[in-house]
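As C-alpha cells, one chain now follows by itself in the form predicted alone.
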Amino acid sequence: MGRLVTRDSVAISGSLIGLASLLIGWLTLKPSRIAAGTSLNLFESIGWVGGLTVLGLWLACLILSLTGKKERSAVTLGILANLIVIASFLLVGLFSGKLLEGEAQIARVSLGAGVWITLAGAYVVIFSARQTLRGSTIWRNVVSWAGLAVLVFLLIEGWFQDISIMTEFSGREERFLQELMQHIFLFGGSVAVGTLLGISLGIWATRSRRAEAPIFFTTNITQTIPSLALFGLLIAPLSALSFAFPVLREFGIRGVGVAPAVIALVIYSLLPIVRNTYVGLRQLDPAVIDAGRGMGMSRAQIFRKIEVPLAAPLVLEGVRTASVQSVGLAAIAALIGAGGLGWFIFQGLGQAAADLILLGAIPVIVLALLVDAIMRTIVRVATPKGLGKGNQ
C-alpha cells in the first residue's frame, strides 16, 4: 500500500479531498441574501441519484489513482475528474431552481463548502494527470480544459441563474464589466511599467557591483511592507504633491485613486523581475560569452544575440510571478478608490453578503490562473529548444 501511495500520492490526495467534500454541506437555502440559511447535505442538495453518481465517480478516481501513473490511467483519471466537475455543477444548477420552488421571492440558494472542496479535489486530480501526460499535448489539453469549457458554456446558457452569486451578478452586470476592465488595467499597466524598470535595474545590478547592493536592498525592503500599509503610505506624499502642483490632478495624480495603486503595484512587481533578470544574466556560461567575443561580436551584439535569448526564459518567469501577484494585490486597491474587482469584495464585507464577496473573489482567482497559463506559454515559446529539453 505504501508503495502505491508514493507512485501517485497527488491523485490519491485529490480523491480523498473529493470524498471528504461529500460529508459537508453542498447547498445553503437562505431566506434572503444576508441571512445565514440552512445547510443541505449532498443528497438533500442534488438528490439520491445525483449524490450516488458523484460518490461513484470519486470512488472510481480513488481506485484508479492507486494503480500508478501509467499514461492510459492518467487519461481516464483526468476525464473522471472533469466529469465530476461537470456533473456537480449540472446537478447544482438543476436542483437550485427546485429548492427555490415555494420559497419567498427574496430567498437564495448559495454554494456550500462541499462544492468548493470538490472543485479543489478535482483540480488536484487533474493536475496529477497533467503531470503524467507531459508527452501527450492533445490529451493534456483535453484533461486540462474540457471541464472548464463545459462550465463556461453552461454559464453563458444561464444554467446557474438560480444560484445566489449569479443573482448578484445579474443586478450588477454593467458595474461588474466596468470593474473587471479597471482591474485588468491596474495589474496590466503596473506589470508593464514594473517590467521595464525591473529589467533595467536587473541589468544595471549585473553590470555594476556598486549598484547591486542598493538595488536589492531597496527591492527587498519594499517587498516586506504589507500591501495595505504601502497604499496608505503613498496617500500623504501624493496628496501633498497634487496640492503643490494642481496640474498633476489633471493626470489623475492625487492621494487616492489609480495613481497610488499603480505606484504600489509597480513597487511590488520589481523584486521578482529584478532578481530573475540578475540571475538569468549571471548564470550564463562564460565560455559562451568568450565564444561570441572570439567571433568578433561587439558588447552590444553579445548582449542582443547571446545574453538576451539565453536569459529571456528566466526573466519571463519573473514577469509571470509579478503578474500573478499583481492580480491579487490589485483587489486591495479598491480600498483607496482605485476600483477593480476588490470593490465587490469590500462591498460584500460591508453588507455581510457572502455571495457578493465571491462575485469579486472568484474572477480574481480565474484571472490569476489565466494570466499564469498565458505567461507559462510565453515562457515556453521564448525558451530555446536546447534549454527547454535540458530543463525538462
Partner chain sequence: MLRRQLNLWILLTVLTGLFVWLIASTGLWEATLRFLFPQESQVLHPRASLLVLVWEHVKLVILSSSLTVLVGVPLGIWVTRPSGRNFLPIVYYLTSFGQTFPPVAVLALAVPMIGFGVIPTVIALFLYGLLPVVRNTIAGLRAVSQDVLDAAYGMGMSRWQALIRVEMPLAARVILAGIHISVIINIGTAMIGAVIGAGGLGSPIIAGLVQDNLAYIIEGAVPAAMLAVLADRLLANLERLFAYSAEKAR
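Residue numbers count along the first chain shown, from 1. In this text the structure is predicted, and so the values were computed from the model without any measurement.
We do not show the form predicted in complex with the partner chain, though everything after this point is about it.
Novice: 57 to 65, 44 to 52, 320 to 328, 31 to 39: which one contacts the partner chain in the model of the complex at 4.5 Å, heavy atom to heavy atom?
Specialist: After filtering at 4.5 Å, what remains is 320 to 328.
Novice: Do heavy atoms from each of Ala192, Leu197 and Pro214 fall within 4.5 Å of the partner chain in the model of the complex?
Specialist: The answer is no: none of the three residues contacts the partner (heavy atom, 4.5 Å cut-off).
Novice: Considering Ala287, Ile221, Ile106, Val247, which brings a non-hydrogen atom within 4.5 Å of the partner chain in the model of the complex?
Specialist: Exactly one listed residue reaches within 4.5 Å, namely Ile221.
Novice: Could you spot which one of Gln301, Thr76, Ser136, Ser239 gets a heavy atom to within 4.5 Å of the partner chain in the model of the complex?
Specialist: Comparing distances to the partner chain in the model of the complex, the residue within 4.5 Å is Ser239.
Novice: Would Gly296 count as a contact of the partner chain in the model of the complex, using a 4.5 angstroms cut-off between non-hydrogen atoms?
Specialist: It does not: once the partner chain is placed as it appears in the model of the complex, Gly296 has no heavy atom within 4.5 Å of it.
Novice: Consider Gly171 of the chain shown here, and say whether it contacts the partner chain in the model of the complex, taking contact as heavy atoms within 4.5 Å.
Specialist: No, Gly171 sits far enough from the partner chain in the model of the complex that none of its heavy atoms falls within 4.5 Å.
Novice: How about Leu148: is it within 4.5 Å of the partner chain in the model of the complex, going by heavy atoms?
Specialist: No - in the model of the complex, heavy atoms of Leu148 and the partner chain never come within 4.5 Å of each other.
Novice: Quick one: does Gly232 come within 4.5 Å of the partner chain in the model of the complex, counting heavy atoms only?
Specialist: Looking in the model of the complex, residue contacts with the partner chain include Gly232, since a heavy atom lies within 4.5 Å.
Novice: What residues of 328 to 347, in sequence order, lie within 4.5 Å of the partner chain in the model of the complex by heavy atom?
Specialist: Counting only heavy atoms within 4.5 Å of the partner chain in the model of the complex, the contacting residues of 328 to 347 are Gly328, Ala331, Ile332, Leu335, Ile336, Ile345, Phe346.
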